[in-house]
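Given as structure tokens, the chain that follows is alone and in the form predicted on its own.
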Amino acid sequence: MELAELSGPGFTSLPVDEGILKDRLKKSEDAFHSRLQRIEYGKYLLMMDNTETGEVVGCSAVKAGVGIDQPFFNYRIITLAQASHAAGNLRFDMDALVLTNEYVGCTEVGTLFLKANHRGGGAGRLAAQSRYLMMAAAPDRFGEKVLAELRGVVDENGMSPFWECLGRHFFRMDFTEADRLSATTDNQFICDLMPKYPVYVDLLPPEAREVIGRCHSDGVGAYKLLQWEGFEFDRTVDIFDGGPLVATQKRHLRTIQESRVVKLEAGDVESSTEARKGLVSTDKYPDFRACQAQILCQEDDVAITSKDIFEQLKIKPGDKVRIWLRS
């Protein structure tokens, strides 16, 4: 609840609603323990804690399959070529927004949020990359295409230029109310009220056109991490705030490609000049954990790290783990 309150307007995956958050925690527990009828229904929530204080300082999440239990609507940006020989061979291109539900069964990563005083020092990278390490531990649970939605431009009062110039005309409600309904219902209201015909971008006011495909200022860091991972803008935006959707193939995720499974042993790595910073994960369900570590690779299948890492991951020397090393 504290993270939800701190995340601010437009952060749909962290609604300030205790009942919904309790339900999501229960669904996450069921997913990790394989208590689901279908694995594509899995919604995995990872919480970041400060091991020195025990304080929960952030979170991130993975939805195994979107658009399955409820629609996953977006605006696809299409380019229409206009030409007329009768007007002197006049030709120009025009963008239009088309409502789609095309990502059915794709995996979505999101809910990346850290308390302001814990940003930096690699915490954001840990929160982001732990999702891909988790996917690598059980790849069959996740779709071949992976996507991420970034929060669009919304001010501290919950005002979205894109919404004010487009969505409000069809929904007749404030952005915060539409955002709340999107987070707490099956999205039938979108099916009922959303325009079914293309919306020409040039007909929108400048303030709406300018924010199409732009992310919230608080999401710039997350966007850079996604780009580093291999995600690219998919010419698709959120129907409420116009924020960008980025996508890639699971097999192209950089963390998955560069990570590997090793046997982990305890030893002195602080004094080693060959030890490298990286991430270590338990590589198993249901007790998946990941943390930052100094890692010294001895052989292809053996690595050494400090004793406190074993305590954090609740493992013992000789256990198999997955590691990723910074270059």
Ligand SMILES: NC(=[NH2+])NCCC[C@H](N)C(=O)O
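All values reported here derive from a predicted model rather than from experimental measurement. All residue numbers are counted from 1 along the displayed sequence.
One more form of this protein exists, namely the form predicted in complex with the named molecule; it is left out here, but the text below deals with it.
A.B. asks: Considering F233, F170, F73, Y223, which brings a non-hydrogen atom within 4.5 Å of the named molecule in the predicted bound form?
C.D. replies: Exactly one residue meets the criterion: F73.
A.B. asks: Flag this candidate site as yes only if T12, N187 and F240 all have a heavy atom within 4.5 Å of the named molecule in the predicted bound form; otherwise mark no.
C.D. replies: So, yes: the whole triplet contacts the named molecule.
A.B. asks: Although the partner isn't part of this model, could you tell me whether E229 comes within 4.5 Å of the named molecule in the predicted bound form, counting any heavy atom of the residue?
C.D. replies: Outside the cut-off, so no.
A.B. asks: Given that the partner is absent here, does T248 sit within 4.5 Å of the named molecule in the predicted bound form, heavy atoms only?
C.D. replies: No, no contact at 4.5 Å.
A.B. asks: So, S182 and the named molecule: in the predicted bound form, are they within 4.5 Å at any heavy atom pair?
C.D. replies: Contact with the named molecule, yes.
A.B. asks: In the predicted bound form, which of the stretches 259 to 267, 64 to 72, 24 to 32, 46 to 54 has residues with heavy atoms within 4.5 Å of the named molecule?
C.D. replies: Selected stretch: 64 to 72.
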